[in-house]
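Before any questions on how it binds or moves, here is one chain, the form predicted alone, in structure tokens.
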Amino acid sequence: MDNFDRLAVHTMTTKPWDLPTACAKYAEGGLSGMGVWRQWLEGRSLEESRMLLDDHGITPASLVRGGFFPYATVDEKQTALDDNFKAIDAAAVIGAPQVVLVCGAKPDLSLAESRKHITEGIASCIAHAKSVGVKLAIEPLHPMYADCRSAVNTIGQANDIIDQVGDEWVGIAADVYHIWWDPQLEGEIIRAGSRIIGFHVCDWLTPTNDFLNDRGIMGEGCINIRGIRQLVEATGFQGWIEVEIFSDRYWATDQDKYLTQIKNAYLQHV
């Protein structure tokens, strides 16, 4: 029997669908989980978005994204904090248990300085996150994004940050696209333990034609997705398995057929 009890699909994965359409299509396809990107909340109140999700029996697995903490000026620092507080509040209203943090980087700062800003920024968000019951999930990004998207590139670096700020309200979103290459992966997942609060899947195509928007459906590429899932679940993780695919190729196809492909790949390769 098909079992999609833990399958969540990100709204970015089916980018052509707006939130009402995604809710309807996911529910029609037997799915009950969704990773909600903040852009999909625009154009209606947060309460209306919550009603859309509830009416279709959709549970938000996460809200994407917060972060982008490194700054050049005091004003930039405050703007980033304000935006993260806004994301945390939005997650609370729609019922998402966590905000995924793409931590940010600035090419004119050293990586060490960016990581310092990230650690300070996350620490500054913890009290607010706790007050509304929303966790912060650090998502390490592949090092090809270390120039301007994230100076946190490994589970180990995320663990180091959490060692400093505490893990009651801060965890890790482990995305196979970003971490599969890491020779220290197994040891750092073990070290993370219950800090793993999110698990994202897609695949790495060979060749990859675009490092942002050419991800594959699970099973199309070279990532040992099932092996990484086993490592993550050995920590006790039993949360949503979130499909997050950026793909110009798939966004241009029939999204109903694409969603069916995702479901089949989930059963076969995840």
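Being a predicted model, the structure only gives us computed values, none of them experimental. Start at 1 and count along the sequence shown; that's the residue number.
Another form, the form predicted together with another copy of the chain, is not on view; read the next lines as being about it.
- In the predicted complex, another copy of the chain sits beyond 4.5 Å of every heavy atom of Ser114.
- With a 4.5 Å cutoff on heavy atoms, Asp147 counts as touching another copy of the chain in the predicted complex.
- Although the partner is absent from this view, Val232 stays clear of another copy of the chain in the predicted complex, with no non-hydrogen atom inside 4.5 angstroms.
- Another copy of the chain is not shown here, and in the predicted complex it never comes within 4.5 Å of any heavy atom of Leu46.
- Leu205 is the sole member of Leu52, Leu205, Ala27, Leu41 with a non-hydrogen atom within 4.5 Å of another copy of the chain in the predicted complex.
- None of 33-41, 237-245, 64-72, 209-217 except one has non-hydrogen atoms within 4.5 angstroms of another copy of the chain in the predicted complex; the exception is 209-217.
- For the partner-free chain shown, His142, Pro143, Met144, Ala146, Asp147, Cys148, Asn153, Thr154, Gln157 of 135-160 come within 4.5 angstroms of another copy of the chain in the predicted complex, judged by any non-hydrogen atom.
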